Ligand code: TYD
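So this first bit is one chain, no partners, the form predicted on its own, shown in structure tokens.
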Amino acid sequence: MARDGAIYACQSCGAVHPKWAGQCPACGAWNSLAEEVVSRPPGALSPTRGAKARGLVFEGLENLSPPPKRLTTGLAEFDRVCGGGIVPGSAILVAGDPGVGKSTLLLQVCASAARRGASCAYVSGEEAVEQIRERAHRMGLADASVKLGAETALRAVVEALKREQFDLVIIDSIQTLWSDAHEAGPGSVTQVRACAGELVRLAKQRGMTVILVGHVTKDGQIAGPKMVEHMVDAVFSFEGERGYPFRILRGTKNRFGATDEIGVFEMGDAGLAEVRNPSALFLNEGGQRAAGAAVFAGIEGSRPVLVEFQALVAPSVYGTPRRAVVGWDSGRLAMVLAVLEARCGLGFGGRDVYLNVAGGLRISEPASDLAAAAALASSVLDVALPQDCVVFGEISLSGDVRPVSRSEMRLKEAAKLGFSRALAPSNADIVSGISVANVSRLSDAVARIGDQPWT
């Protein structure tokens, strides 16, 4: 007879406790512990008892075997985020908001890899096979030799993957799978952890790449236990603002490549199209630059990206001025406003402040401080920055403009797109075709912005 044991798993953090409590001791969430029964099949061995221990063999750091050859899918933006292609035997988790295009992206990746000779399978627990076929026909992918399957039982999926040798397998999604070894419902912490662990183990044993699709919660976190992100080799976030056709694939964890690398796509009727030059996409090239706009020369992963910061400072109608920011950190905005007031004499006390990063891109790099401050100062002074000027630099609380890394790469990207001037920290490299105005204090940068004409 099967032997059952009850555990209480937190649905917020995934911590497991032997008894119920009103508050999770691990994360502090209230009423998040749910009872889950773990069933062990007859004759099954405990993970810690009855199993024959294998001897541990130590090896040196020197690697005598050649590194595994990466599988290139044919989608350059996806391969860039992976670090140059997919590593055989790896597990990748791709998460994003509902409707952002995760299934569309991975179907294109699967079809593109199949056209290059890879053996690919697409297993869906959310759609029927006919629905996937219909979407593939609409996207022009019907000629790709991709094997489709619709199943939610983990045991059936694993047995099917063992019968054939695949190079790439898509599981859409991990929250829909369920294991018969656990009585919890699909999508619960226990089921997600168990299914993900089994699929990652299968990927390592068979030498195939498994890409898991993950859902996100209402606060933007990946649904399920945090342990899943530790199990996999790479975690990609697929982002996109409503109202914009652009989609950003961002690598938040990658054991085989750079983190924070991005791939840019544009959503259309035939699926996602690659954007090879994101800088030109995020910039407004029509007409003269208005007051309150500044072009930031940033670095996303290993690629330089130019994006426009837009600021509007207007008199406040209400007693409490409003602060609104899109695409940037609101705490960072509060700090920059305080430094502009204390060190540069610009007043924002009775004014509403709006800051936006154009194109729907989210910027988290500290080097964007000076670009945001330049846009705010330009709006307050009602003076437009030159059309051919880029800005970058980090701001300290004392009003200093701190040096930033890879300034040469930033300036070369700006020169390639036709910019000839830059407002940058004092350590910025000299690049042919770019005249750099070095500033060591934020007050110096504001004084330059207020000069008419620009000097």
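Numbers follow the displayed sequence, beginning with 1. None of these values were measured; they are calculated from a predicted model.
Although not depicted, the form predicted in complex with the named molecule is the subject of the following passage.
- Heavy atoms within 4.5 Å of the named molecule in the predicted bound form map, among the stretches 274-282, 375-383, 93-101, 335-343, onto 93-101 alone.
- With the partner omitted from this view, the residue of Asp269, Asp143, Glu159, Glu164 that lies near the named molecule in the predicted bound form is Asp269 [heavy atom within 4.5 Å].
- Note on contacts: among Lys253, Arg115, Lys226, Arg135, the single residue with a heavy atom within 4.5 Å of the named molecule in the predicted bound form is Arg135.
- The closest heavy atom approach of Met139 to the named molecule in the predicted bound form falls within 4.5 Å.
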